[in-house]
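Just one chain is shown here, as structure tokens, and it is the form predicted on its own.
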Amino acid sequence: MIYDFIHLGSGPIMMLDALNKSNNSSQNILLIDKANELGGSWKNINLFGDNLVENAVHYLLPDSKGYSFLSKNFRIELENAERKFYAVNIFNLKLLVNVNNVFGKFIYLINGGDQAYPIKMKNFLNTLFKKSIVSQTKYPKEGMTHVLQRISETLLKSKVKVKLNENINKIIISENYITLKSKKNTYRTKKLILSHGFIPCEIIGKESIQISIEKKINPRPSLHIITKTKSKVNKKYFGFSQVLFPRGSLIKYVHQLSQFQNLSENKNQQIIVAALNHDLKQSKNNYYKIADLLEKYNCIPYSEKRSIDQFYWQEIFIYQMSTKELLKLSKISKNKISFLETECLNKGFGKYSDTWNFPENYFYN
């Protein structure tokens, strides 16, 4: 069988595009993912005895059309930046200052924060009082679990065929179609859809010439930490949604995950995830260094003794292929290989929502 389209990867944009193509044509569409569940880097994990802990909160960068698409199709409320903070260190006094606070922004700029605008003296005041991207970002108030669940369930009920646990290790470009091979199967398609998250495998062009593709790897280790207490956790530890740390810190930023969990009123636990410095290595010593720093900034409750099972480390690698390399593949294949821009989810929603045609209440029928 030769498919009309094969989507390689199951991030939200890839799933939505496959659904749209399936709904608006009689074409045969296949979606393949090497993981055992849908969602790509957005899928949730079972952790610390809780179901579907948000794996990593990738904030939705400003795009009004993207926000509108989410709100309209998934009945969600988007939270603004009022609970986002900068971590600042003044004479060894560690403080959290709201991102909308000019003083906090000044200190963050001086500290060289990763998500701050670069300082140029000639327009320093303009930079200082300019509304930053950080303060304009939004995120679903109840997390992305609901959105992922609706997309995944709808996809599995659709005409789109889905193959999970299928790692494609070879792609062959020929005159009439694209062949994909795994250890288990061979697939053929008239058009292959990739994304920035595609991890390059062996790619063979015409006349059996191997195509060299540069794989861009951005390591982004992360650490989940749960703090359990015998009594109710002080509400101040649930007061933030995101904290950004200065450049050079062990931590890049921290996200509050407890806000997305179905915890009882007597909250005796708190869960966060910290995105870490890219060159930080996994070690028990680093676990406790990170926990200690977060305690000092009041991002997590103090614990006299933490056990190793209260930490969960992940080696995350993001943005595997550049737009330049994807365009190269598209040209070599004479457009039989194309790609969707997925490195920024909300901007992708905004870009493709004009071409997607989902009926009202489509994800709830």
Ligand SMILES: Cc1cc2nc3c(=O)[nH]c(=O)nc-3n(C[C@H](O)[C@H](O)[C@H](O)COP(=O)(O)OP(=O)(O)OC[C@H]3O[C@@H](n4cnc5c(N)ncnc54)[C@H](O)[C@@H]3O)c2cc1C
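Quick note: we count residues from 1 along the sequence shown, nothing fancier. Small disclaimer: the values here were computed from a predicted structure and weren't measured.
Unshown form predicted in complex with this ligand; subsequent notes refer to it.
Enquirer: Could you spot which one of Y297, F339, Y59, F311 gets a heavy atom to within 4.5 Å of this ligand in the model of the complex?
Expert: Flagged contact: Y59.
Enquirer: Evaluate I316 for contact with this ligand in the model of the complex, applying a 4.5 angstroms cut-off between non-hydrogen atoms, and reply yes or no.
Expert: Yes - in the model of the complex, heavy atoms of I316 and this ligand come within 4.5 Å of each other.
Enquirer: Can you tell me whether S195 touches this ligand? I mean in the model of the complex, with a 4.5 angstroms heavy atom cut-off.
Expert: Yes.
Enquirer: Q282: heavy atom within 4.5 Å of this ligand in the model of the complex?
Expert: Q282 lies outside the contact set for this ligand.
Enquirer: Although the partner isn't part of this model, could you tell me whether A274 comes within 4.5 Å of this ligand in the model of the complex, counting any heavy atom of the residue?
Expert: Contact check for A274: no, nothing within 4.5 Å of this ligand in the model of the complex.
Enquirer: Using a 4.5 Å heavy atom cut-off, indicate which stretch of 328 to 336, 35 to 43, 66 to 74, 300 to 308 touches this ligand in the model of the complex.
Expert: Answer to the contact question: 35 to 43.
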